[in-house]
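This document opens with one chain alone, in structure tokens, the form predicted on its own.
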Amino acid sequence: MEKTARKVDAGPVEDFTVKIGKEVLIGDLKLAVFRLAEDEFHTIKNECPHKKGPLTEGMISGEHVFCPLHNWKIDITDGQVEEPDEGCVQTFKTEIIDNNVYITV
């Protein structure tokens, strides 16, 4: 059975701090929303592919977040893990509509 994508309101833009990750729960799905600039938002699954570390607790540098458990470096924009480590994190379309952050899940 195919799932249907839907847009979920994650809250007003002002609830998201630039360069600080914020966890958003949608059912059982834990998402990490990152605001990289005033109008640039990205959402990835809030779980490192290595040992499932919470990425919202990681340090942000440029377009990357470092897993707080083992320092894996993950690109926030496409979910790719930087080599020599391997893997990727699921990404979600994120957009601003009427000053609210919407995530397509």
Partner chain sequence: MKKLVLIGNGMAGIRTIEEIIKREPEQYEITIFGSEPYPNYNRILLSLVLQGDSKVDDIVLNDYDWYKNYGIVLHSGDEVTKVDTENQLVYSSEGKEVPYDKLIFATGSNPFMLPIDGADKEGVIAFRDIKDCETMISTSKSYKKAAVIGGGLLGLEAARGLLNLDMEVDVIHIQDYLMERQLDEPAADMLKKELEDQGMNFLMGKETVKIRGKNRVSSLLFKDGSSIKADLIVMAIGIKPNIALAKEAGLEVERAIVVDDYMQTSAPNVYAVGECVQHRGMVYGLVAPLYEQGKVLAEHITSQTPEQTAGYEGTLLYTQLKVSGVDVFSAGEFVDKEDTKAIRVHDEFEGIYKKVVVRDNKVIGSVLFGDTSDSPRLLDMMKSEQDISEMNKVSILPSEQERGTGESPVVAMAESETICGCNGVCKGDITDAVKTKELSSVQEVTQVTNAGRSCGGCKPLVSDLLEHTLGEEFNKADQKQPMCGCTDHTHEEVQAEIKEKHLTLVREVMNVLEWENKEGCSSCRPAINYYINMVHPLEAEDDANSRFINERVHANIQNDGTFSVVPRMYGGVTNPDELRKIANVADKYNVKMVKVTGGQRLDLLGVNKEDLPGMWEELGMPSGHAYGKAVRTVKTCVGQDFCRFGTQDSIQMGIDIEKKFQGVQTPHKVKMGVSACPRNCAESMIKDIGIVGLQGAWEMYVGGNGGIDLRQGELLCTVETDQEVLDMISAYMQYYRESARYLERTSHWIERLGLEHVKAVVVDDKKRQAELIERMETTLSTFNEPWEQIIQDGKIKQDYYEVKVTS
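A quick note: this is a predicted structure, and the numbers were derived from the prediction, not measured. Numbering follows the first chain given and starts at 1.
One more form of this protein, predicted together with the partner chain, exists but is not displayed; see below.
Enquirer: Counting only non-hydrogen atoms and a 4.5 angstroms cut-off, does residue 19 reach the partner chain in the predicted bound form?
Expert: Heavy-atom contact with the partner chain at 4.5 Å: present for residue 19.
Enquirer: Is residue 11 close to the partner chain in the predicted bound form, meaning a heavy atom pair under 4.5 Å apart or at it?
Expert: Flag for residue 11 set to yes.
Enquirer: Is there a non-hydrogen atom of residue 57 within 4.5 angstroms of a non-hydrogen atom of the partner chain in the predicted bound form?
Expert: Yes, residue 57 sits close enough to the partner chain in the predicted bound form that at least one of its heavy atoms falls within 4.5 Å.
Enquirer: Even though the partner isn't displayed, in the predicted bound form is residue 66 close enough to the partner chain, meaning a heavy atom within 4.5 Å?
Expert: Residue 66: yes, in contact with the partner chain in the predicted bound form.
Enquirer: Using a 4.5 Å cut-off on any heavy atom, which residues of 14-30 would contact the partner chain in the predicted bound form?
Expert: Sequence-ordered list: 15, 16, 17, 19, 20, 22, 23, 24, 25, 26, 27.
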